[in-house]
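Shown here is one chain on its own, the form predicted alone, set out as structure tokens.
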């Protein structure tokens, strides 16, 4: 007989479930609290294992798979260094940057694995390194170099040491040492390393100082934070040994247990043997990206020095035009405050090529954004308030419009500079602009320039430019 009706099937299933529950009810009652807790622990452990495997898989998936990936990252950095050489041949950091690019080419094929050992103060970093070196720890590579960082956390300020973090990020693998459960500060620092896609192992050192129950509890907590942990005792506490003789005498002495690092060495050997080459490639990519960001900052500085005079020139051109031909406040932006030629010039400085027609499209888009954000109205009111302190200046026709036009042109120019600084590929059309990002840049620049002292200084400068006789 086919059961085609869902209600009938559901009813039969429910009846069977109720009968089964009634039959086994007595058995359920006999399950002890310990058994229930064990089941919960097992279930939680399985869930945790699944989650940690997902994290591990994500980390492994992000490792470079071939040399081509690394070469591509280095090439992008080299292009930027060459761009800096073209735009500032005498830059004080250029030679150093070029040497670092050359070193990256060598990094690709190195065989020495570099391990950073980091953590807070007095967690046993130095001792652990000594034990690993004394045991001739071998992972099948040419050599293994350990580098101990300075303590991550200062005594007075529970903040990570930037230099120590940088050392860790430029290493192939990190052993993050702790002698207990992670504090919130330690966890946040550990997350920074994971965010940088840095291979890391959590190491619970001094495990011998905990009783079994406490040790297991700490290890379980650490497993919830990271998928890869190991427990060690690099320098176990000496234990007292007592011997009773046949003649009734008692002899006592202190005995020093052997260091226990077997779990760590086994896990580390497995990881570095199977992923060693990829870890080296990943380190090279990170170094290339760090060098690229450093070069970009220098290049932005060079370009900003060239952009500032251009912005200042166009802001006063816009101000003079609005002063000579006053228009309603809401039309300032469309006529004088945004100058398409300024956009063309700034685009040229930042290697973002615009035709004049494309620049006009960008100007219109920025004008619309400024109007929607209320920047025109806010700035005009603020400038009017400042000018009211000088009745003679305030009464001169067009002065508010002129200074407002100059101010908004400056905001637009600085916002474009912020936007261009993070662009890597030259824009082919004005429509390629990311309007949401540009909106954020406009708001950021406007908020900075709305500080009373800065705005008063700008208005004072504008009066001197537009009304030199009155200002004198």
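Numbering follows the first chain given and starts at 1. Only a predicted model underlies this, so the values are computations on that prediction, with no experimental measurement involved.
Keep in mind the form predicted in complex with a small molecule is missing from the figure; the text below concerns it.
Give me the residue from 294, 227, 208, 345 that has a heavy atom within 4.5 Å of the small molecule in the predicted bound form. The residue from 294, 227, 208, 345 that makes the contact is 208.
Exactly one of 116, 152, 399, 234 has a non-hydrogen atom within 4.5 Å of the small molecule in the predicted bound form; which residue is it? None of the others qualify; the residue that does is 234.
Within 4.5 angstroms, counting heavy atoms, which one of the listed stretches 124-132, 75-83, 363-371, 182-190 is next to the small molecule in the predicted bound form? In the other structure, the partner sits against 124-132.
Does the small molecule get within 4.5 angstroms of any non-hydrogen atom of residue 276 in the predicted bound form? No, no contact at 4.5 Å.
Would residue 120 count as touching the small molecule in the predicted bound form under a 4.5 Å heavy atom rule? Within the cut-off, so yes.
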